[in-house]
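Have a look below at one chain only, the form predicted on its own, in structure tokens format.
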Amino acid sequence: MLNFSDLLPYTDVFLSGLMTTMELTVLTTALGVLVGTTCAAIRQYGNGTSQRTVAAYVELIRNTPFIVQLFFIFFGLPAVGLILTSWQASIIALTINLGAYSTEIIRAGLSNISKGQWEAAKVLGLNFRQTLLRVVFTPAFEKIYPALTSQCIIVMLGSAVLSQISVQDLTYAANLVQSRNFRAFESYVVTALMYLGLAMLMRYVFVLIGKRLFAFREAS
């Protein structure tokens, strides 16, 4: 018989796991989008060598399982002398993963910026940095923003595997609770609902950010 009341003594465990997941999500979303933006610009405007290097990185990450990438960073790198904590390995793995996927998403937006817009920016006297910011990146991000935010949410959900290297996230909390009270069904139902709530919250926050960013662009 189901009994969710048995989970009440572990409320702090669930909340601690939720906070860890949220902290990782915020940090790696910012870092991953930054990596993706940089790599997308290189793929679109860099030289042949830099483009091939970024392309190899993107293909490697997009065509291998995230858990393998995580294990390679946490268990594999110590073999060459680079020892990382589970937290550090998680941040690096999530950032690299999101960076690769966001590279292709952002590059798709950049590829839609016509040469005519570059020429118009030159006529207006904008320098290269101003052209990238106002004429290239801002409209490109507006076009791909929904896809980019969805990818960020997917990476957050994929972070559930971090418990495999003892990161005390939400999934780790569920595993810990069910191992103590043997209420596996109840524990994972609550965990699933918390992930659902976090995903919905992220989408809501991204919508608010997008409205603010692109409303400012329209107003300017």
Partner chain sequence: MIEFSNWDILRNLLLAAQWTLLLSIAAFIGGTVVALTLTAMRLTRNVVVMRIVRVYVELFQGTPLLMQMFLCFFGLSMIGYEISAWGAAILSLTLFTSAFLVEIWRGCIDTLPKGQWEASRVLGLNFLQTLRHVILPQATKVAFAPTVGFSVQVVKGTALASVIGFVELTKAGTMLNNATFEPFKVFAFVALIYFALCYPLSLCSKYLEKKYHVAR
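Just so it is clear, the model here is predicted, and its values are computed rather than measured. Numbering follows the first chain given and starts at 1.
As for the form predicted together with its partner chain, it is not shown, yet the points below apply to it.
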Option touching its partner chain, based on a heavy atom within 4.5 Å in the predicted complex, out of L157, I42, V26, L34: L157
Site test, L15, A30 and L133 vs its partner chain in the predicted complex, non-hydrogen atom cutoff 4.5 Å: no
4.5 Å heavy atom contact, Q168 to its partner chain in the predicted complex: no
Contact flag, L77 vs its partner chain in the predicted complex, heavy atom cut 4.5 Å: yes
is_contact(R62, its partner chain) in the predicted complex, heavy atom dist at most 4.5 Å: yes
Contact of L201 with its partner chain in the predicted complex (heavy atom, 4.5 Å): no
